Ligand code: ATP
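Single chain ahead, by itself, as structure tokens, in the form predicted on its own.
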Amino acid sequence: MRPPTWHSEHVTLTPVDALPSREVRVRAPGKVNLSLRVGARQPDGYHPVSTVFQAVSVYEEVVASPHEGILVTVGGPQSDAVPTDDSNLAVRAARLLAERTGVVDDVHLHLVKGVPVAGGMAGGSADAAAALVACDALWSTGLSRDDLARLAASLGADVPFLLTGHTAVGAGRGDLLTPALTRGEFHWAFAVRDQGLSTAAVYAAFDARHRDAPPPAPSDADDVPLMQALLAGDAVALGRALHNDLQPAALDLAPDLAEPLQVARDAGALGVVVSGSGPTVAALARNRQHALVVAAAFTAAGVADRVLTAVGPVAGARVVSNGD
């Protein structure tokens, strides 16, 4: 960039001067709920949950670069299904960070989709976590991870976890996190459908199922076998312990989800579960090669629009490049 032209006591940039070309690229993972236990709807409209998150190597990338105002562009699978207005969680994250730190919310956010859209793997929350980290670096706001986590909690229940990643127990709305001790790696195959499921609709179906008999308050005490399996690195025991209270409600809305669930079982998956509010089906495999076998079974049976394989746990939102 040309040096500025000096006029008396102030600086004026000539019309041909451009904004700096610096960009910050951040990668954030999607998640699978190893267990999701849901209580009755509360007067505030929320459901208390007890969940065990695992971050997996299916990623969103957010590239932040200078721009006048906020501009959002999207690339990757299902990009046409992602809003680019103020309803986008990455936009909300950028605006919140700017408001709390007193900077001007000027940024171009380019989202590269890798996590299924409306698939129960928290792709929008991953975008929000990545946008917080990317804008913090671009704007040099210098917030700590704890500061970012507090902002993340106001954006959605999954966002704080995707900042930290790895494996964690979530309580409250899922945003009160306790790290979980794990050993080794776990290998996954995912059956992805382009037609997503609304989280709100799945919770409404869950409420309808429990209209006459409200579910008990969720407790992590029910997940002791799962936590023991994680600590031992025992994939077989983990497969037996996978659990999702929302799965029957997701099947009510999308009965054909029974097909990929059965295909995974027939392919020898150690455990299979609808991920979060669905409709992505997550199958736990013995190892990487077996994950590929399960993925091939999904493809051969025609029960998925896309198939992914991944490993977990992985780290949360991280800067992967920061420069010109």
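A residue's number is simply how far along the shown sequence it sits, counting from 1. Treat the numbers as computed from the prediction; the structure is a model and nothing was measured.
The form predicted in complex with the named molecule is left out here; the points below concern that form.
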{"item": "Interface residue in the predicted complex among 118, 138, 227, 169, criterion: non-hydrogen atom within 4.5 angstroms of the named molecule", "value": "118"}
{"item": "Residue (of 133, 250, 111, 107) lying close to the named molecule in the predicted complex, criterion heavy atoms within 4.5 Å", "value": "111"}
{"item": "Contact of residue 122 with the named molecule in the predicted complex (heavy atom, 4.5 Å)", "value": "yes"}
{"item": "Residue contact check: residue 83 to the named molecule in the predicted complex, 4.5 Å heavy atom", "value": "yes"}
{"item": "4.5 Å heavy atom contact, residue 51 to the named molecule in the predicted complex", "value": "no"}
{"item": "Close approach of residue 182 to the named molecule in the predicted complex, 4.5 Å, heavy atom", "value": "no"}
{"item": "Answer range among 124-132, 183-191, 94-102, 227-235 for contact with the named molecule, defined in the predicted complex as heavy atoms within 4.5 Å", "value": "124-132"}
{"item": "Neighbours of the named molecule in the predicted complex among 144-170 [non-hydrogen atom within 4.5 angstroms]", "value": "158"}
